[in-house]
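Quick heads-up: it's one chain on its own, the form predicted on its own, in structure tokens.
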């Protein structure tokens, strides 16, 4: 019965791959179904690589803190791949008084959760990163934040999970879930194939919504396009992850010297006929103007490539990581709203605990599905 396993996972991004790896380590048989022809073809390979705690909603912050303390430091050795993990801090930048007020609020809420983070002035910002523009008036500073390589990390989980016996099937879009005697057990694909498992995990990004709709479950999220660019390699300048008060700009310098920068333009975005998101000259030029204001020294840096990807933006901008009471046997892990990469190891580890032990190290109550249900 090759189409049966203990756990069936819809989605071959970093969340699905991490879940598969940690489940297989615990002795579960696992099948992962990926709609595209490539593993990690969605947001998992199209993001800025931030591994941060600062600037997060307090509801998801415990997952970020757990992963950075317990999983990220040894992940390259565990997955036998260079995840390019740097833990050199995160500067979240502000230029105006309004920005500084936003950062103060984020810092206060993060401190209340036990995070080591503080507000610093312009002079302290320059001492940490002297390449930043003098326009920066202040920042929040979290020394335990960092960044990693999304593609190598995702593929590291994939390859190591395969070694443990996980079966990955690409080009197999999930279209429907089915119940047997009130329990979600079957997954149906557009190719007409049916897979059966004791537990079904839906971690298919923005495609999770129609999959869950097939059994009357709706998570309010929409797709939003994000765009980013990579520059040519330059001499080493800094190791911190950067962001802004309004989350409209982010970036870091990679291990190889190139810079990865992204921003939000606010346009609807462009796609090819097959729905693949593509970048456009308006977004790239706008992002570059923003970069130059932060880093005047990079005004002449050449852009090597650009990319675009869909973000599954949840209504309240934090993910759903939860069993679904109305559908026993089902776990939803979606709606990560553009910041799922950094917490992916913690999500995978804790969901593997949930499946095998019925408990989690991190309390996931605030990320439950039924927070959207109407109160009587």
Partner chain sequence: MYTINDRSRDIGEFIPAEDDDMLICRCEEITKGEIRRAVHDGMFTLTEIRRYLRTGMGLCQGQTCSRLVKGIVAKELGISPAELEPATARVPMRPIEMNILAAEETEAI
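Numbering follows the first chain given and starts at 1. Remember, it's a predicted structure, so these values are computed and weren't measured experimentally.
Only in words, not in the display: the form predicted in complex with the partner chain, which the text now covers.
Undergrad: Of 226-234, 111-119, 210-218, 135-143, which is the one stretch near the partner chain in the predicted complex, taking non-hydrogen atoms within 4.5 angstroms as near?
TA: That would be stretch 226-234.
Undergrad: Taking the partner chain in the predicted complex, would 175, 183 and 194 all count as contacting it (heavy atom within 4.5 Å)?
TA: So, no: the whole triplet misses the partner chain.
Undergrad: Would you check, heavy atoms only and a 4.5 Å threshold, whether residue 72 touches the partner chain in the predicted complex?
TA: Heavy-atom contact with the partner chain at 4.5 Å: absent for residue 72.
Undergrad: Though only this chain appears here, would residue 300 touch the partner chain in the predicted complex if you measure heavy atom gaps against 4.5 Å?
TA: The answer is yes: residue 300 has a heavy atom within 4.5 Å of the partner chain.
Undergrad: Is residue 337 near the partner chain? Define near as a heavy atom within 4.5 Å, in the predicted complex.
TA: Heavy-atom contact with the partner chain at 4.5 Å: absent for residue 337.
Undergrad: Is there a heavy atom of residue 170 lying 4.5 Å or less from a heavy atom of the partner chain in the predicted complex?
TA: Yes - in the predicted complex, heavy atoms of residue 170 and the partner chain come within 4.5 Å of each other.
Undergrad: Between 306, 129, 87, 76, only one gets a heavy atom within 4.5 angstroms of the partner chain in the predicted complex; which residue is that?
TA: Spelling it out, the residue with a heavy atom inside the cut-off is 306.
Undergrad: If you check 148, 93, 187, 166 against the partner chain in the predicted complex, which one has a heavy atom within 4.5 Å?
TA: Contact check passes for 166.
Undergrad: What residues, if any, in 15-45 have a non-hydrogen atom within 4.5 angstroms of the partner chain in the predicted complex?
TA: Those in contact are 35, 36, 37, 38, 39, 40, 41, 45.
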